[in-house]
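In the structure tokens that follow, the same protein chain appears in two forms, which are kept apart as structure 1 and structure 2.
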Structure 1
Amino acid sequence: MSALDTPLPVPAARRGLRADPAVRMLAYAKPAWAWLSVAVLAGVGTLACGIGLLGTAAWLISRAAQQPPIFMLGVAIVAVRAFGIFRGVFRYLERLLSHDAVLRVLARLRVDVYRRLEPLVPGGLPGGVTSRSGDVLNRLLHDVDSVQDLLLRSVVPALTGALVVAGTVVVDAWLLPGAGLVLLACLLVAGVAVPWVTSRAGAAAVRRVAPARGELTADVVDVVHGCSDLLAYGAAQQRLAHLDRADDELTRLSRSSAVSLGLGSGLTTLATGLAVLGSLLVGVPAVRSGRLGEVVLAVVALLPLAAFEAVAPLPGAVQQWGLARAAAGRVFAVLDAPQPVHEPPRPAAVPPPPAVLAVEGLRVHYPGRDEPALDGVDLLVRPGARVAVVGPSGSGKTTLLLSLLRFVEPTAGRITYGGQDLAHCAGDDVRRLVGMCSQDSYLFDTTIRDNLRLARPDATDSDLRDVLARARLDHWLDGLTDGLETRVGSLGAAVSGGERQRLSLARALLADPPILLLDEPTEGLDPEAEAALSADLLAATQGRTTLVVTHRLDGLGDLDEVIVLVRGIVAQRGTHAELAARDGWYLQAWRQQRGELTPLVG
């Protein structure tokens, strides 16, 4: 089991400081703390070597100008070399340790966010998060990445800077107390006042950057996915103009945060100059009065230059904190989203098939809806039985299938398999028992082979050909020059709608789940293709426990039971023959469909 298999505990949302997303992210990154502390010490070492290098070099140059015997310079020469070498070594250690620790946390966070998103997506992301795929993608990529900036570009430089500044001021004050005071004052201006001013100036922009980037990505993904519809309706220009506006907004925000950062960098340079000038103003009279050696004056004047190396990154660090804080808030919105389905802490085993699947008094009430989507549904599916679920749009058919897959939590009632309540089993185990082929199954932009093998990675080519034949795609496959190596295009764009549905069916057959759910598998096809696929589907599912949601009523004669859902209630149930002979929704729909089909048949 790899480290990534165990999610890190997500710190609970609390009040006060602990509610701050950046602080919560720091708590989440706890496993990285130890190595980050070592990295901070290495960072202090780097800067201390830099300061030591400049200080000793300044002393060496001024002392050498007095032309003393060479042995008097020996120690300083060795010190300059040592500082130069160790500066590089410390810098390398700091980068290596901090990045290693942070990238480990980042990998865990990405997995945790993905794990959290996975069960949320089928039932719809909660309103507080988003329903736009581009924005979700952005949270998973950019927003998670910004945690790296929080630690590497904000916390580490701030801690390193604070330690180095304290050390330098002490040394400077020891050499000449007045110069120490001047340095302290200038460092406080550059390290506290300047970052505060620049963060104030750019605060609004910094807060808006992460959501603006999310919107832009979501817009781009929408435009790319809906490209053919936009072109067909002549709406492409309008959407592109909208994209342009979103892009301009992001550019404007980035520019205004860059301006405040530039302001910070200018003010820091000014403070550096003032510190050098101030040190000279205090140092020169001290040399004149004999309180300071003339050689040490060079050290006092140049120390500030090195010390400011430690505070220069601070305005950027404060800005990074703001950016990362906004991004962390978006990541926690996903991590905190209530899970739609409760996972039992100690899951029970799913009984081995074959067994009876029973739905008892199932009620599902989506939050924010007046009426329940399902209200007291009972259903018994024996091994090998095929049951059709029909009914008007919005009557709860898909909801019933999603409950069987444990993507939706029942409000009341239960679903059992072999007597075991599936609510006590792990969602993933249930989804190994129950497999679904939905109306909008996703095809990846890769080969037919890879798309099918998602369902069973160890399937051989002959297994693939077998399921393709059962989905009646064998002739189509024979006509492809590249055979199983043929690419299906983005979202299956390089295959027809019917072929796409059949490929999804072949994939579901390859997965070979003990219970197969089909949700409107013929939706969106022309009547002829629909009739052909329906017939093939029924043939392919012969003898397999199947629940099929369909609006096509012809061909249901072979099925064991048909249930009619109307507004979440089982309005009718029986075989096709029984229902077609009784007054009710089924007979009406059946008549209507036969009426529509007559001209095609005749």
Structure 2
Amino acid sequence: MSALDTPLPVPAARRGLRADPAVRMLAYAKPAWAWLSVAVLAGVGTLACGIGLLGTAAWLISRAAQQPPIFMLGVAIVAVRAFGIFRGVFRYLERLLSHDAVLRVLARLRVDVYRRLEPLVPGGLPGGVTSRSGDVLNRLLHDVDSVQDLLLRSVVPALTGALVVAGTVVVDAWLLPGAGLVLLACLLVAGVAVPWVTSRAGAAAVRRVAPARGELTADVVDVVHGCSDLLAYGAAQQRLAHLDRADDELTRLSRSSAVSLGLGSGLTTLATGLAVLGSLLVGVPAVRSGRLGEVVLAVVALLPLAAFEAVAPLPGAVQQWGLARAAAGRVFAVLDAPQPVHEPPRPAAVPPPPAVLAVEGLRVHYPGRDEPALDGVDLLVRPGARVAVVGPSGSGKTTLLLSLLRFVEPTAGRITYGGQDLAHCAGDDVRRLVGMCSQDSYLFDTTIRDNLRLARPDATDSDLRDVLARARLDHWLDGLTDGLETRVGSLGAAVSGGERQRLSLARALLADPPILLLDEPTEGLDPEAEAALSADLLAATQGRTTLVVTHRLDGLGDLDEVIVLVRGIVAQRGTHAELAARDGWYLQAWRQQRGELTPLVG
């Protein structure tokens, strides 16, 4: 079973506490709990050494003021040194163990999120997960990173503080019961009441910070990617104003969180002062009555200063819990997203080419939509045949290609190759059989060589030049100073639209799939470049099983068959000559493209 098929921590069907994102994340981190427990003990050791250091130092200073023989102070002097040294040692161990454990959890979580996104993105993200690239990136990076605060800044400090508080109160009560009660009361105020007050004060802001950050990130990415269009249409200032509003909202929420955190810090400091004052009010009468030694009074009075180090992080821990809980919810929205395609437990082998590709009664119905994207589509493609799929926007053309690539699951019907139902084959095996060159093929900000070798890493320069020649880029390549080492820029910005599309075609040809899908490969080009690329595409695919989704009908006369999809149904089929000779959508579109009719609507 692959990692994608492994059930993720807590099924979405669960309800109540176990469905809470923070609780689910704690369950997800279960493999790290052994090391985190040791880290908590190291944290307890750190605070215990700090308390011991202050208490021993207070006793030492007070006792030294009485000028006893030096040997009577030896143990205290050694204890001060030991507490100081071991405090640093325990602190180092606590940080090392906790961060190592949490970083391992984050590494696994980031891989799981990426693996879940990988099959979701081609077929479209489901409801609850926005398709805006900036927000998806924010979930993959910032939200996953925020989860570490759930463990490092919430759970570990809370457990450490609880253990240290219990021990400190016991020691203080042993020295003076009244002082122990005062310390317990003040610690409960600082460790329970103050975090509750601060969490209530900043609850609304904490819930909104993660979504607001995702919104801002998505807006920034949109502005950067759409900069040229925004400037061309004079809409840049409007989008920047929208960006400013999103930034102001995030700033307001962050400020509100900071105010509540500052309130908690102030209340904790007040509780610390009250604990010291209360200890003195109880301790001084005890000294007068002889129930408490004068030297021990200094220990009782100063012990709260060290003890409150254990509860000081708790207001921030509660706030971090809320922030991390919101981030975990956004992460689990990705992890809980249903798989678009179910991999077979025992994949069948894909028949070797050449073989017949058949689509039989294919129906695809996306969740939340009234009408199916495809409804009873039949298609037969023989080896080496070239078929065009045309139709109005939204007619299901791209859905058909995604179904052939096993990026979406058919509701009914099947797709076979050589008689083998491809639903019984592994998705990766199907995509080695079926390759695709889409209208928005991604070019990485690297060299031409590296972009092409994505399709076949072991390809030689001779192989690269061969596919570039078949894509009619050989003369263009010869004119480049750096040849195959030429960088194409971010998203192919350093090359023209036609060159970018031809590079994508060359990459698809290098992969050499038995079946090639072309999805609007000439989209966005000017008429002259579109006509030239269309002709070259048809020449490059000669003899190769090819399905072409296109809006351009010119040149389809060389193809074996043309399929017309309208609202997910095969409305017409035949050769270009046959369809252009009878009434229907194809004839109207053909006449419109030749300038004989006004543009079609729908």
Ligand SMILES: Nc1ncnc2c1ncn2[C@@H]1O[C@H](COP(=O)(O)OP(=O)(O)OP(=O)(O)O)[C@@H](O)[C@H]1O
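If you superpose the two forms and keep the largest set of C-alpha atoms that fall within 1.5 Å, you have the rigid core. All values derive from a computational prediction rather than experimental measurement. Reference numbering: structure 1, starting with residue 1.
Of the two forms shown, structure 2 is the one predicted on its own, while structure 1 is not.
Once the rigid core is used as the reference frame, the Cα position of L579 differs between structure 1 and structure 2 by 2 Å or more. Fitting the two forms on the rigid core leaves the C-alpha of G396 displaced by at least 2 angstroms between structure 1 and structure 2.
Here P372 counts as shifted, since its C-alpha moves by at least 2 Å between structure 1 and structure 2 after the core is aligned.
A C-alpha shift of 3.3 Å is found for Q542 between structure 1 and structure 2, based on superposition of the rigid core. Its Cα shifted by 4.1 Å, L553 is compared between structure 1 and structure 2 on a rigid core fit.
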